[in-house]
Ligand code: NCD
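Given as structure tokens, the chain that follows is alone and in the form predicted on its own.
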Amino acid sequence: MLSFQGENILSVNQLDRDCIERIFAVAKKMEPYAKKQKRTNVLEGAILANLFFEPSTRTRVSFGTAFNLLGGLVRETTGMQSSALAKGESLYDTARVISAYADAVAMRHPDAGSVAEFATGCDVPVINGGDGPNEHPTQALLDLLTIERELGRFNQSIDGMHIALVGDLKYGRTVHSLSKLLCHYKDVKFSMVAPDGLQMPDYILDAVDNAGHKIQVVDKMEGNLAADIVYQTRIQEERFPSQEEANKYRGGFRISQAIYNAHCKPNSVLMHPLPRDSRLEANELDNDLNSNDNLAIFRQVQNGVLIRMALFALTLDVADKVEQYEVDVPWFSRKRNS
């Protein structure tokens, strides 16, 4: 089992089911702080270097928010051109410099393997916020926590569930990482729903198959969405060789309330790693789903803060000290009663 203290979190391959359950247990302890019912200063004085060399809203802000909620400070770099990497500095040299300033690093970079390369020069914990088409471990963890909680509403569990992964399964790093984590569970049925050319990579299919799960690979949504979890992905246009190539797939796998009613189960939970492409020609999850109680995309966002708080608490070895540093919340917050 991963010790967590001082460790880098670079890949879901580091995690077994015991690790996952440990992270979830700590994440659930973080809920009062995320809801502003209490606050904690357990990381007062600690500094997070939030290094995002690829566009991001949710992941970048979520990492910073998680660290702030534990009482820490955040320093950010956004975009390659605003960093010394644009001047030719190596990832190793950047890591040596940043780790002299910070106590932890959250990093996103467009190249596969880049965060692991950075970590070789860093002497503080590094958490992977997405490395190109490769992995997104914290997204997979928050997705898994969301699945556990959503299925719990219907007295179901992850073991034995049916999940439909829909859309860009070739370039969608979130579904790669999530599929790997689900290999630690039992009797999961996978429906891989994607157009020809965007199907799940063979190495992921092999991992799922070797874990003993059932796999259905199909190229249309009709008749294939009656799952417990329907997880849709955005067409990853930034990963395609050309915009023209990406445009061929846009809008082909959109889900509206009418499609939900026709093809999903009454309690099918809708998930998406966000951002959902809301342009008219794409509209992956239609806005008419916003009032559907089973649309879980914004609950995913909330769970992301909990997971990242848990990972900071575990890697900086304060998970058992958070309550000791509690203080009152003096300001009004609508979150407290939500």
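Start at 1 and count along the sequence shown; that's the residue number. Here the structure is a predicted model, which means the values were calculated and not measured.
The protein also exists as the form predicted in complex with the ligand; that form is not presented, and the subsequent description refers to it.
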- Message: Quick check on this chain: which one of 29, 58, 299, 39 has a heavy atom within 4.5 Å of the ligand in the predicted complex?
- Response: 58
- Of 191, 174, 146, 94, the only residue with a heavy atom within 4.5 Å of the ligand in the predicted complex is 174
- Query: Has each of 136, 139 and 273 got a heavy atom lying within 4.5 angstroms of the ligand in the predicted complex?
  - Reply: yes
- Item | Stretch in contact in the predicted complex with the ligand, which is absent here, among 166-174, 119-127, 146-154, 215-223 (heavy atoms within 4.5 Å) | 166-174
- Does the 4.5 Å heavy atom contact test between residue 254 and the ligand in the predicted complex come out positive? no
- Query: Might residue 109 be said to contact the ligand in the predicted complex, defining contact as any heavy atom within 4.5 Å?
  - Reply: no
- Message: in the predicted complex, is there a heavy atom of the ligand that lies within 4.5 Å of any heavy atom of residue 162, even though the partner is absent here?
- Response: no
- 4.5 Å heavy atom contact, residue 234 to the ligand in the predicted complex: yes
